[in-house]
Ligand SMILES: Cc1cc2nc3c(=O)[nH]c(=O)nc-3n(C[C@H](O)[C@H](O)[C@H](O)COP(=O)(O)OP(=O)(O)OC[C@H]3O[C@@H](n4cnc5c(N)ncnc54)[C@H](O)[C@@H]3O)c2cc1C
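Take a look at this single chain in structure tokens; it is the form predicted alone.
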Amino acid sequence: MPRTVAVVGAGPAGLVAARELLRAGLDVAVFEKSARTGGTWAYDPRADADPLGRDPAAPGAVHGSLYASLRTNLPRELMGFSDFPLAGRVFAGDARAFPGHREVLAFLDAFAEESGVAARVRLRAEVLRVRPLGQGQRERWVVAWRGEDGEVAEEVFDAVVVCNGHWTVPQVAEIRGIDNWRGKQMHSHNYRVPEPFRDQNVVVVGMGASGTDIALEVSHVAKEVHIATRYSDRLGKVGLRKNVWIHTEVDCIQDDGKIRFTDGSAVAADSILYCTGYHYHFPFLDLDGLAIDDNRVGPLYNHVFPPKYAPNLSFIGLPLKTIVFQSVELESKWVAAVLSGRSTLPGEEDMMAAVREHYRQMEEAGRPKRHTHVIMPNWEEHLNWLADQVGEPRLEAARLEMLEKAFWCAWSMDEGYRDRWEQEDDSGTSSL
């Protein structure tokens, strides 16, 4: 009888995990809380009643964090799976090099159908609790879940693969004096269109890919946009933009209501828009020896297996700032190989030693704990390590060049880079 595996979540990670588990001869059930597959790529025009979205358990809380105009920040060539590419095919009429979210969702729908995974997905099935079957037991797992009818059921599985994503629970910067702020605050989780910021002075906190995108979009309707960031060395007015400035990070809200930056400058603003990322959040897990500390999920062996509960509990899709679809596919192949017995893991102590070494290297390099799952700039090393575990080809140099170029373009403050990508590509990578 095949081993049974519960997959939590039917976004890109859950779908490709289920595909690999099925290929390995395992019996798979995918639990998806929402009414459709696609995870974060399923656009929802609604927003939370709380513009900061702090409580994901609030009645009517919105899962999705996409804004209406969102396009991928990686080209099609880096968005598909190895034997089911997004490049060279059009799924929703959007053939652009950097397609919009509807194209990616249509791609995922087609992948789920053609791989046979769609038939294994239970929609409107919310996982409430995942626990080992018995004390000190890690070979069988109880999954409690609530169906559309509100009834709660429990099932026992041989393994659980957690793929519930991490783009739902906002991380909001703590600003000194914010209790005295009388303006509007919003997290990008609840940003959909720029119109609410028309004729306003807006402070955007954070300058990642989405922060840059949103700041530039808002600048078309706002009076002024001021981007606060802890990392940029490009301070002052942005190029040809008449109304966008980059500042150091926010220091506090002054007594006069102005927002002061750490360089001592201050601006009057109507709104603060936080583009400050998200928390990892697993409300259904309550396990001794597994914790989230300053957005470090751990201990995890190479971001996937908790040594204490390996191999029958695993996580797919935690790494950030990498080739995400390739990363989750390789992680899925690794988990499937281990659960089917085709591959083995080191012992618990050896895995823990590897985790401690990773933490030591981070500390030595001065990297904050919250960046534990940020792969950049070690893209090549990480993806090649995963590929080696499952006998897949290593990362091609051209794909790495394409990834690096895409990341630098995303932070260039050039709104049109996506549409000039192929015309101006002098790296020779766009033909992959």
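Bear in mind the structure is a predicted one, so any value in this text is a computation, not a measurement. Note that residue numbering begins at 1 and tracks the sequence as displayed.
Not on display, but discussed next: the form predicted together with this ligand.
J.: My question is simply whether A17 lines the interface with this ligand in the predicted complex - judged by any non-hydrogen atom within 4.5 Å.
T.: The answer is no: A17 has no heavy atom within 4.5 Å of this ligand.
J.: Can you work out whether S314 and this ligand are in contact in the predicted complex, taking contact to mean some heavy atom pair no more than 4.5 Å apart?
T.: No, S314 is distant from the partner.
J.: Is K33 a contact residue for this ligand in the predicted complex, using a 4.5 Å heavy atom cut-off?
T.: Output for K33 is yes: heavy atoms within 4.5 Å of this ligand.
J.: Does D109 reach this ligand in the predicted complex, with heavy atoms at most 4.5 Å apart?
T.: Contact with this ligand, no.
J.: Which one, F261, F284, Y301, Y309, lies within 4.5 Å of this ligand in the predicted complex by heavy atoms?
T.: Contact residue from the list: F284.
J.: Would you kindly say which of L105, V169, A97, V324 lies with a heavy atom within 4.5 Å of this ligand in the predicted complex?
T.: Here the answer is residue option V324.
J.: Could you tell me if all three of G9, P12 and S65 have a heavy atom no more than 4.5 Å from this ligand in the predicted complex?
T.: So, yes: the whole triplet contacts this ligand.
J.: Looking at 124-132, 195-203, 348-356, 110-118, which stretch has residues with any non-hydrogen atom within 4.5 Å of this ligand in the predicted complex?
T.: Stretch 124-132 is the one.
J.: Let me know which residues along 62-88 have a heavy atom within 4.5 Å of this ligand in the predicted complex, or say none if there are none.
T.: Residues within 4.5 Å: H63, S65, L66, Y67, L70, T72, N73, L74, M79.
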